[in-house]
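Two forms, one protein chain; C-alpha cells for each follow separately as structure 1 and structure 2.
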Structure 1
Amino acid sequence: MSSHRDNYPEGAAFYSVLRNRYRKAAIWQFLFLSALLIAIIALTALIYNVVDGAFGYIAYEYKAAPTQFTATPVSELTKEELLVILKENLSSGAYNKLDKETPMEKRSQADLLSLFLERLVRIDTKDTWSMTDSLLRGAEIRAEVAEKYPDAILELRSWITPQFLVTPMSSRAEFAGVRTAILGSLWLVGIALLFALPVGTGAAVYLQEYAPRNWLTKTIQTNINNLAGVPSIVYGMLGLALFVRVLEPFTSGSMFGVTDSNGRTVLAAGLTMGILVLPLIIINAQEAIKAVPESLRQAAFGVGATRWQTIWHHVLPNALPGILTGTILALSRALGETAPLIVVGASTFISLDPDGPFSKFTALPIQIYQWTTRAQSEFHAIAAGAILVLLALLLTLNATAILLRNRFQRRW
C-alpha cells in the first residue's frame, strides 16, 4: 500500500502544481481587489452626485425691488430696521401669524432678512445649474443668462449654509431650511432609544443568561433573527395599527389633557422606530454578552454571587461597550428610514418645530423625499443639501459607535 508521500508530485510535476496554485491565488486576489474598487467607485459616484447638486450657479430676479421698501442696501439692514419694514409692509394678519409662531423681536437678523426677501421682495428663480456645469461651462452660462434673463442676478451659491441648518421649512426653496426636520429626526431617535435600549438589553440578558436551551427558546431566537430582516414598511403598518389607532389616547396625549393633537405624533413614530430597531439591538446585545468570558461568571459564582449579581456587576459592565455600539448603529438605520414614517403620518410640509412628544413632526428623509418630487430645480438643489446634512448625522453616529468601542473595549 503506497503512502501519501508516494503520491506527492516531484520534479516538473511539482512546479506545475505550484504554479497552478499561485495562479489561482492571483486570480482570487484580483477579484477581491476588483470588488473593493467597484465599491469605492460606487460610493464616490454617490457622494459626487449629491455634492454636485448642492453647489452651483443660480439666476434669479426680484419681483419687487428692495429700494421700494428702503434706501439702505439689503446687506446693511439692521435687525431694528427690518422689524420696522416688515411691520409697515406686511398685512396685520400675516405679521401677527409670524409673531405668534415666534415673536418677531426674538428673531435673529438673518431670520428677519429671510422674511423680508421672501414676503416683500419675493425672489423669482429663473434657473439653476449643477456644480459641474458651473465650473466647466461658466462662460456659456453667463452668456445664456445675459441673453434670456437680462435683468437676472447670477451668483455661485452653496445651498448648504449655516442659515440652511437653522431655518424652518418654507414654500420657497430659496428660503427653506432643515431645522424642523433635524429636530424631528432627533426626537424620533431619542424616543426610539428610550424604548428600545432597555427592552432590547433586557430581552438579550434573559435569552442569553436565564432562558433554558429548549425548542421554545430556539423558536423565539429564530423569530428575532427573522424580524431583523423584515421590510421597514411592515413596521410602519404595525405602528399605524397599534400606536396611531389602538393607543391613540396615549400617543395623542388626550389622556394627559392635550386636546389639539391626534395619534399621528412624534411619540407614535418614535415608538414605531423603536420596534423597528428592537430585533437589531437584541441580537447585538446577545453577541456582546456572549463575548464576555465564561471564566468571569464562574469566578463570581465561586465566591457566592447570585446569578443576578454576576450579571449586574460583571457581565453587563463588560458587555456595555458592545451593547452601546450595536445600539448606535441600529439607530443609524432608524435615522434614515422613510417608509414607516409616511405610513404613521409624518408631515411633508410643516414649519413649526416639535416641542413635545405629542407634536406633529417631519424628519430629514421625509423632507428630502418631498423636495425631490417637486418639479423646480431649486428644490432638487436643497434636497442635495439636506442629503449632505443627513449623511453628516449618520457619520456622526457611526463615529460615536467606533469611539465607544475603542474607548471601552476590553481584550481577553
Structure 2
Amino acid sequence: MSSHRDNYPEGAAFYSVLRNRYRKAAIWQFLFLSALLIAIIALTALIYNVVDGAFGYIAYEYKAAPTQFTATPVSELTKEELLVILKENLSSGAYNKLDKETPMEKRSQADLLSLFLERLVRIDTKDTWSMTDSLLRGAEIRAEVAEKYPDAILELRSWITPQFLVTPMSSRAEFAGVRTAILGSLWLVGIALLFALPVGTGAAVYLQEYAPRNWLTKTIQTNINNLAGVPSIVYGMLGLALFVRVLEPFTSGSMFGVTDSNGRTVLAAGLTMGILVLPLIIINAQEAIKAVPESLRQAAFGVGATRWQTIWHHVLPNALPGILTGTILALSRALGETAPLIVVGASTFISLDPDGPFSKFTALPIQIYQWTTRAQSEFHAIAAGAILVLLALLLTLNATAILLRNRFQRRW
C-alpha cells in the first residue's frame, strides 16, 4: 500500500515491507471473517434465547387445594372423575357455556385437567426461570422458593407442548395456547395466496411475454421494484384505509348478509397481506419465466400455436417450479409479518376459532408481540413457545421451497 514513487525499497528493506503487507492482509482477512462470526454468534444467541425461554422451572401455588375437590392425587385423575368434579363444582352457567363450546364428554383428559386447574384449583404463578438458570442453579432456585413461597410447588416445565398447540387463547399464561393464532395465520396466508398467486403470475406473464417495450412497461416494472421496498406498515395503513374502511361492506360481509362484524376481519387482513407479497411474487415469477429458453417458444410458434397456447402449454409448465418456490418464500414473509396486522386491527384477545372470511382473527406474530410486551415472565415464556412454533412453520415452508427447487429445477 505504500507504493510511493520515491520509495522503492530494495534488499532487506523490501522484504520487511513485504512482510508488513502480508501481515496486514492476514489481519484484515481475520477481521472480514469475524464479521461473519459475529453474524453466527448473533443467530446462535437468538435461537438460544428463544429455546432458553421456552423451558424451565415454574413455581406456583394453588389458590384452592385440590384435596378440597377430590381425594385422588392430581396426576392420577381420570377423565370420568374430572367430569364429575367439574359438574359438581362449577356454576351451572359456566359449565353450560363450556359445554356449548365443546361438549364436555368429547373433551380429552388433558383438556379437562387444565379446566380443573384453571377454573377450580386456580394456579397462581409466583415466578418462572429460564432453562439455563433451571439447569445450572437448580439447588439455589429450590432453596429460594422454599424460603419465599413455602406453599409453592416447583416444577420443571416445557412451555411448548402438544396441549399448547391445540388450546385456544386464555388470559392465564399457564393455560394459554396458540390454536386460534395458528388458524388465524393459516386463514391469512390462504387468502393472501388466493389473491396474489393468480394476479402475480398473470402480471409476470404479461411483463415477460406480452408487454411492448415502451414507457408504460417501464413504469410498471419500476413501480413493482419500488413497491417491494415499501415498509410493511405502510401497507397496513393502506389496508386500514382501503379494506377496513372504504370496502367495509365487502370485507365485513354485510354485503353478503353477515351482520355481526366490522371491517377488521381476516379477509381485510388477508387482502392486505396479498397486496404486500404481490411484488415479491411478480419478481420471482418473472425470473422463472425468463429462465424458460426462447427455443421452446419458437418451436411452439413454429407448429402454429397461438401466443397463449405457447404460454399455457409450454412456458408456464416449465416455469411452474420456480413460480411456486417464489410463492412459498413470499408466503413465509407473510407468515412472519406483524406490523400490518396490528394496523389493520387484529384482535389481541380472542378465543374463538376463525370460522370464515368475515370473522375476527389473531395471528401467531400478533400473539408473540402481545405476550412479549407483557410484564409477567410467564407470558415471556409462552411468547418463546409461540416463537418456536412460528420458526418451525417457517422452516417447513422454506424446506419445501428448497426441495421443490432441487427436485424440479431444470438446467437448459
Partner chain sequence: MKEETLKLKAVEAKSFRQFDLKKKFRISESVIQALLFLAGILSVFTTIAIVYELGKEALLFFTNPDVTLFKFLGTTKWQPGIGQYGIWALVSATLLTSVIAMLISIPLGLASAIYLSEYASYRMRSILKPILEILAGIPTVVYGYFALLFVTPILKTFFGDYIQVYNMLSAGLVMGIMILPLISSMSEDALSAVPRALREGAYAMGATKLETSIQIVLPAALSGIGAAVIIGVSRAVGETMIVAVASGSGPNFSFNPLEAAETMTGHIARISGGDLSYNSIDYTSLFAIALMLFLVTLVLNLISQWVVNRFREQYE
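Only the largest set of C-alpha atoms that superpose within 1.5 Å between the two forms is called the rigid core. Remember, it's a predicted structure, so these values are computed and weren't measured experimentally. For residue numbers, the reference is structure 1: its sequence is counted from 1.
One of the two isolated chains is the form predicted alone, namely structure 1. Under a division of the chain into two rigid parts between structures 1 and 2, the C-alpha atoms of residue 36 and residue 58 are best fitted by different superpositions and thus lie in separate parts.
30 degrees is the angle through which the smaller rigid part turns against the larger between structures 1 and 2, based on C-alpha superpositions. After superposition on the rigid core, the Cα atom of residue 15 is displaced by 10.2 Å between structures 1 and 2.
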